[in-house]
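Listed next as structure tokens is one chain, alone, in the form predicted alone.
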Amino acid sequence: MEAATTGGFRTLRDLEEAGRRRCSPAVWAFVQGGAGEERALERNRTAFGHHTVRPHVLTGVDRVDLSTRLLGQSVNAPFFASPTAYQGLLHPDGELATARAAASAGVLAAFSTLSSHPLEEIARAGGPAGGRWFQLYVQPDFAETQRLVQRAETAGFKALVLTADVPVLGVRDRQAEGGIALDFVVPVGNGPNIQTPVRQPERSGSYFTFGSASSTWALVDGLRVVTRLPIGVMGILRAVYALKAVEHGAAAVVVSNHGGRQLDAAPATIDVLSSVVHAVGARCEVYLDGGVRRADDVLIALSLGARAVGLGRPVLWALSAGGEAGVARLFSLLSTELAIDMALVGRRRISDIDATLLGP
């Protein structure tokens, strides 16, 4: 009975299975699948296990504050809902449920170009105070890209996040085997003209052509011309590209391998985080996405220099398990767990978390 009234699951350990129980096999394969043999997907999780955090005792911590600022906006926790496509496959309310739950919790949420609901409806669901970013997939016609960006700005999104690591969709075997192949057409809430990333190249002899998948760093310059929103670049796994993002005016970078769904040989995001943080210093904010499941993961990432971390699959599991109530419970449980962890390591504020917490 308790689980039925609290979003469909009792604990964070129960969340994934609770989501699976209420999801069709085809959609579950879409959610869970990674690239190829799913080594990058597994690497994201196992890499967190290579880090330890040392408890601090008798520190007199009687109160913990999880609040922080993400690109200038105050939020109640150092984690956010990562942009994930087609949330309506998990629950009819999809992104609307995520927006409402995030706004109620004071948690930031990022929403995909490939959302199941129009970005204007998502903004209304979150209300005027809701913290939200718009994740951008560049369209073949830059004029259409500009229209998307201006719609997001008008609707009250607070930042633009350019996904840079999907010039073409990765090889996603489990997704194809599960019944939602890469050429599966899912309605996009932002309009029939919205194009998904290139699914398959055109082949002529030894040549493979990827159509419009030819963006360069000049794209970031072009986006800065058409929007006043701060721009983040998502999909950074090398310090040199984080520096390029800064050079082109990015306010943030997201260390991400797209949830292990693009290049299967890609490193775990937590393994490259500190190199990116050290390269950019205070010149831009650094976020991490990939493999975060529990408060320990959040604490490790913050200790290595991330300003906040994104939650991808856990939000989808929570949507499947209980819609808005499920996402709300995820945020509540994770916030409580992080507060407990901070008390155990003797840290009162997010700004107090640093590398001195890390083991052996």
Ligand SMILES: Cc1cc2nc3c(=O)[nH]c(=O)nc-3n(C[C@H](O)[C@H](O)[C@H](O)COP(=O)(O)O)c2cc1C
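Numbering starts at 1 and follows the sequence shown. This is a predicted model, so every value here is computed, not measured.
Keep in mind the form predicted in complex with the ligand is missing from the figure; the text below concerns it.
Trainee: Can you tell me which of 331 to 339, 318 to 326, 304 to 312, 60 to 68 lies within 4.5 Å of the ligand in the model of the complex, counting heavy atoms only?
Mentor: Within 4.5 Å of the partner lies stretch 304 to 312.
Trainee: Would you say all of L96, E121 and G156 touch the ligand in the model of the complex, counting a heavy atom within 4.5 Å as a touch?
Mentor: Heavy-atom distance to the ligand in the model of the complex: none of the three under 4.5 Å.
Trainee: Looking at H258, H117, R100, H91, which is the one with a non-hydrogen atom within 4.5 Å of the ligand in the model of the complex?
Mentor: It is H258 that has a heavy atom within 4.5 Å of the partner.
Trainee: Just to confirm, with a 4.5 Å cut-off on non-hydrogen atoms, which of L263, A85, V246, I194 contacts the ligand in the model of the complex?
Mentor: Result of the distance check: A85.
Trainee: Quick check on N190: any heavy atom within 4.5 Å of the ligand in the model of the complex?
Mentor: Taking the distances in the model of the complex, the answer for N190 is no, it never comes within 4.5 Å of the ligand.
Trainee: Residue-level question: is R39 within 4.5 Å of the ligand in the model of the complex, judged on heavy atoms?
Mentor: Close contact is absent here: in the model of the complex, R39 is far from the ligand, nothing within 4.5 Å, heavy atoms only.
Trainee: Please run the contact check for T145 against the ligand in the model of the complex: heavy atoms, 4.5 angstroms, yes or no?
Mentor: Contact with the ligand, no.
Trainee: Though only this chain appears here, would L299 touch the ligand in the model of the complex if you measure heavy atom gaps against 4.5 Å?
Mentor: Output for L299 is no: heavy atoms all beyond 4.5 Å of the ligand.
Trainee: Could you list the residues in 219 to 248 that come within 4.5 Å of the ligand in the model of the complex, counting only heavy atoms and keeping sequence order?
Mentor: Stretch hits: a single one, M234.
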